[in-house]
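Below you will find one chain, with nothing else, as structure tokens; this is the form predicted alone, and questions on how it binds or moves follow later.
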Amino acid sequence: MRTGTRSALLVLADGRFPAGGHAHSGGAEAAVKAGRIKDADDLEAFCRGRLHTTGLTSAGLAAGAAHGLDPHALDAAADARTPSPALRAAARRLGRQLMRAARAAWPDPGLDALAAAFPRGAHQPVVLGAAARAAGLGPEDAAHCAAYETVGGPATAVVRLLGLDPYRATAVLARLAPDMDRVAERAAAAAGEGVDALPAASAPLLDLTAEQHATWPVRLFAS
């Protein structure tokens, strides 16, 4: 990590950054209702699985955008890697919100161009990588942010959904730190080889439950 950009990385990865992620559970709400997450051990298993599938894919897309790969190709790649219409819609909503925050924090022609090209929102990982690039961060930095978001969102959501001890939720994230590092390194390496080399790992159960979750008349989280 370049020391001159360390603070920018902390700002971008901070859960208080107004990017809309607090309204999304990353599939945890559906998993809680189905009984697949009942305690901290279940949360850790859920987050680990999410990290190495959809998290790796998101990290690759973010790293690609930070690397300067074509955003149209990256957004199309994100569509192809997101079979669930509900998750595609959520990713674009989050991308739109993140774009607003990023342009306020780091005014940049690249962000302006991306916003103009995708007025309804590009996929969130693509915007995340573009924001990282605008902030002076590199592909691995962007991949780290994406990897952390992949597990940080569900961990925070489960604290609210189950009343889980937040210390135990934080301990889950701490134990996953080495995995996050490996995912970020792998994603950044793939980004250097072009869009076609980016990871395309998937989690079909998350896609299925996202579609079910979108039909719920009452829910705490948007996804």
Partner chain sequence: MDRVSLRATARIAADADGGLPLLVSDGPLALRRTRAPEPYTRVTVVGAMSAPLGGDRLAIETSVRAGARLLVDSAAATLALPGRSADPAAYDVRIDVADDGVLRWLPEQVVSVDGSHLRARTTVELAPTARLVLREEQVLGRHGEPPGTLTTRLTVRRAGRPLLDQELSSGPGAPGGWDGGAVLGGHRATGQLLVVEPAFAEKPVETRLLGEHAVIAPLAGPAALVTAVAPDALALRRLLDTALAALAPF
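Numbering follows the first chain given and starts at 1. All of these numbers come straight from a predicted model, not from anything done at the bench.
Keep in mind that the form predicted together with its partner chain is missing from the display, and what follows is about it.
Contact annotation: A80 falls within 4.5 Å of its partner chain in the predicted bound form, judged by heavy atom distances. Using a 4.5 angstroms threshold between heavy atoms, L10 stays clear of its partner chain in the predicted bound form. Among residues of the shown chain, A23 is not one whose heavy atoms approach its partner chain to within 4.5 Å in the predicted bound form. Contact annotation for R160: none of its heavy atoms lies within 4.5 Å of its partner chain in the predicted bound form. Heavy atoms of every residue among A200, L205 and T215 are located within 4.5 Å of its partner chain in the predicted bound form. D196 is the sole member of D39, D196, D181, D70 with a non-hydrogen atom within 4.5 Å of its partner chain in the predicted bound form.
Along 38-70, residues A45, F46, R48, G49, R50, H52, T53 each place a heavy atom within 4.5 Å of its partner chain in the predicted bound form.
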